[in-house]
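This document opens with one chain alone, in structure tokens, the form predicted alone.
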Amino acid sequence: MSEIKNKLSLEPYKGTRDFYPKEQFVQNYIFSVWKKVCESYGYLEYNASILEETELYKSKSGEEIVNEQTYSFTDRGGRNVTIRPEMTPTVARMVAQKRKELTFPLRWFSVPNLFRYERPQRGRLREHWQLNADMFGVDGMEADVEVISLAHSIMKGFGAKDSDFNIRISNRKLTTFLLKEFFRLDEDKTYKVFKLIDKMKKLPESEFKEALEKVVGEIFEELYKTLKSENLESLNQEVLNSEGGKQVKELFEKLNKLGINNLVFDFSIVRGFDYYTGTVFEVYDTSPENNRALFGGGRYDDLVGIFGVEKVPGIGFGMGDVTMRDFLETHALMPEYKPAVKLYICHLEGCLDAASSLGSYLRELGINVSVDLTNRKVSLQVKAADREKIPYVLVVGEEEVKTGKFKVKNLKDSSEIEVEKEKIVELIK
């Protein structure tokens, strides 16, 4: 048995994290901002099982996700099951299932735990949590505007300035028109170019151009120049006046009217999943230290319909906790750690029962209290409280038990105030 124990690793599974109290504090802070801002927009929280039938992802997310990135297995009943790599197919299934009972438009959000088998790197792990915010039932540009406004408000909710990030926007209809109608590519080549565009920022320029030329031939230089366009005005008028082009232009105008101006047009934003149909966007960190995509989303009007029911238009985004934490660290926006425990009760020898009794009394009045259960010196008890950053301590001794008065010490500024038992709560709150 001892030999087996010695072989057990102390590290978490590769690509996952342990959350000690201080890390969990940051995680809870991120979740709290997500929830607060979503609820301020009228979004309601939902959840679902971490397990789905594998077929759901084969149909909805693209072959790459299923074949290379999922944790899939056959259960004891012979069913093919996958631990969810994303939440959008699940919420679409839920909407399809209860569509006759739901009141549209739906504004929903969730913070699911997600798993993907991929190479761990900065901003990307095998396990993470992700805010999913979605709107169903509105096919007009108003929904696109609100969802991107929500994403912008969440960034501001973390204390970010507009100069700290930008929102890069494109449109799948616009890109499809460019490839199929303007450059006359067939279905197969269009699909291959879409997949290439999605990797555009990840590949060296020479490698991307070489791959593009292999797919489209002699038109690759003209196509590449168009894909590098950084503003709508530089596009050919035929492309700009397409349905997708008009949608992008309208979206920019409406967001500008709301005071959201850190917008960038970017053809390379297509999003990797096959289900996106219109507006697509990604939020980028502008810091040179972390210049990367933080999160993104888009419109998926056909997703509910593939369950064999009538279509329900939808748009949403997913914001991961890993990239969000990297952003907070990069911009010095991390919250100061504050434990939930507000008071640490120390005691002299023979006074533990009295200390425990006082702790129970204060908890009933709404104070989070930790009572030292050891027989160590009072100085060491106080040191333990200070190490855990608990803001207040008091010591219970025979004198305190007799008088009912306690000296409450603020460990941050070392001030000390003597109060009666009934006044402790008022002082700490």
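Sequential numbering from 1, following the sequence displayed. Remember, predicted model here, so these are calculated numbers, not experimental data.
The same protein also has a form predicted in complex with ligand HAM, omitted here; what follows describes it.
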Exercise for the section: Spell out, yes or no, whether the shortest heavy atom distance between R124 and ligand HAM in the model of the complex is within 4.5 Å. Expected result: yes
Problem - ligand HAM contact at L294 in the model of the complex, heavy atom, 4.5 Å - result: yes
Practice task
Verify the contact flag for N132: yes if a non-hydrogen atom of it lies within 4.5 Å of a non-hydrogen atom of ligand HAM in the model of the complex, no if not.
Solution key: yes
Handout entry: Partner contact for T88 in the model of the complex: ligand HAM, 4.5 angstroms, heavy atom
Key = yes
Exercise for the section: Give a yes or no on whether each residue among E11, I30 and F327 has a heavy atom within 4.5 Å of ligand HAM in the model of the complex. Expected result: no
Fill in the blank from the handout: Among 315-323, 104-112, 155-163, 351-359, the stretch whose residues bring a heavy atom within 4.5 Å of ligand HAM in the model of the complex is 315-323
Exercise for the section: Work out which of K192, R271, R93, H331 lies within 4.5 Å of ligand HAM in the model of the complex, going by heavy atoms. Expected result: R271
Practice task
Would you kindly say which of F265, F307, Y284, Y275 lies with a heavy atom within 4.5 Å of ligand HAM in the model of the complex?
Solution key: Y275
